[in-house]
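Quick setup: one chain, the form predicted alone, written in structure tokens, and binding and motion questions come after.
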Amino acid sequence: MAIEKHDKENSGGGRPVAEKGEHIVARHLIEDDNIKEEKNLVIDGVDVSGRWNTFIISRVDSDFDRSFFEEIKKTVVGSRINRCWQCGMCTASCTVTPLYRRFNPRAFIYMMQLGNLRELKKYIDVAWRCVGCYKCSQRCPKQVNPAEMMEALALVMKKYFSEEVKTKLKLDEEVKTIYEDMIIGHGRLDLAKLHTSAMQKSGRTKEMLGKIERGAIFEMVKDGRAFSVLRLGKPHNWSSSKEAIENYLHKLKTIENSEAGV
């Protein structure tokens, strides 16, 4: 087999060059270093430039840790991991994946099945994105309960990569505090405050006084949504629920301090 590599850009070829691996389905799951392709390549006289010479380096990992799988299986939220047959229904149903393509429940479960901590570590920044809508669990044909598997994933991240998690999730901890204060204080989210906080955090404070924001407020007043947002109040018998939540958070904090040796 004769293989020739040509520099068409210098020889006047002129074919538009695609981004590396852009024709691969689920390209976001493959690292650049695992993709091999030549911009201009001729094999046995046939021009296979572009997508035709894209190769993915084997990612077979024969040295996986089975004990990790057993560890996940023993947890309450991960006890059904052995049922997953990787159909992908969870990822197809996920409400987060369209926003964060690297958040892939099917892939996360697969990595946990293999005990591939090296790969899981690459997703510390997105592994926490599950919003708990349970659409995946409703549709899973094997009753794996992927939503709870994402909780198991969070436990894994905190246990094995605690330092990286603290670094990556510094901002999320601040957001968590905002939400906790609202829930405990009022029993529900204050959408107006959340919007204001988001604008401030993203450095868009000036936009809050701009034409677009003023127009949005005017429209909300006209259709009545502004009043429903501001009409906060507290849920019925909120004091009991509030006490239960505070007790839970206190217990959680005690466990975390104990694990950290504080």
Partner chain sequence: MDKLKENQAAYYPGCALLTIDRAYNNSSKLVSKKMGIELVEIPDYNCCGIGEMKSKGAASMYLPLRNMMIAKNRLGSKNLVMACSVCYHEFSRSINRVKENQNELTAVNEIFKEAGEFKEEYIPDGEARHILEFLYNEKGVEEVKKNVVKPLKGLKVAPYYGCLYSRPSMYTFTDKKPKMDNSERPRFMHEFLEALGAETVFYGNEVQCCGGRNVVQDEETSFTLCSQTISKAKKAGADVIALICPKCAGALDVNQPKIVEKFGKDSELPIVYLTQLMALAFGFSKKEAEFSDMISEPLKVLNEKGF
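Not measured: the values here are computed from a predicted model. Positions refer to the first chain, counted from 1. In this text, the rigid core denotes the largest set of C-alpha atoms whose superposition between the two forms falls within 1.5 Å.
There is another form of the same protein, the form predicted in complex with its partner chain; it is not shown, and what comes next is about it.
J.: Report the residue, out of A216, A26, V42, I56, that has at least one non-hydrogen atom within 4.5 angstroms of its partner chain in the model of the complex.
T.: Exactly one listed residue reaches within 4.5 Å, namely A216.
J.: Exactly one of L117, C87, V175, I124 has a non-hydrogen atom within 4.5 Å of its partner chain in the model of the complex; which residue is it?
T.: Spelling it out, the residue with a heavy atom inside the cut-off is V175.
J.: According to a 4.5 angstroms non-hydrogen atom cut-off, is R80 in contact with its partner chain in the model of the complex?
T.: Judged by the heavy-atom cut-off of 4.5 Å, R80 is in contact with its partner chain in the model of the complex.
J.: Test of understanding: in the model of the complex, would W128 fall inside 4.5 Å of its partner chain by heavy atoms?
T.: Within the cut-off, so yes.
J.: Check N237 for me: does it contact its partner chain in the model of the complex (non-hydrogen atoms, 4.5 angstroms)?
T.: Although its partner chain is absent here, N237 would touch it in the model of the complex, with heavy atoms inside 4.5 Å.
J.: In the model of the complex, does R101 come within 4.5 Å of its partner chain, counting heavy atoms only?
T.: Although its partner chain is absent here, R101 would stay clear of it in the model of the complex, with no heavy atoms inside 4.5 Å.
J.: For 120-144: residues with a non-hydrogen atom within 4.5 angstroms of its partner chain in the model of the complex?
T.: Heavy-atom contacts to its partner chain in the model of the complex: W128, R129, C130, V131, G132, C133, Y134, K135, S137, Q138, R139, Q143.
J.: C-alpha of I183: shift of 2 angstroms or more between the shown form and the other one, rigid core aligned?
T.: The answer is yes, as the C-alpha of I183 shifts between the shown form and the other one by 2 Å or more after core alignment.
J.: Since the CA distance of T95 and T196 differs by 3 Å or more in the model of the complex, is it closer or farther than in the form displayed?
T.: Distance between the C-alphas of T95 and T196: longer in the model of the complex, by 3 Å or more.
J.: L99 and L191: do their C-alpha atoms lie closer or farther in the model of the complex than in the form you see, with a change of 3 Å or more?
T.: L99 and L191 sit farther apart in the model of the complex.
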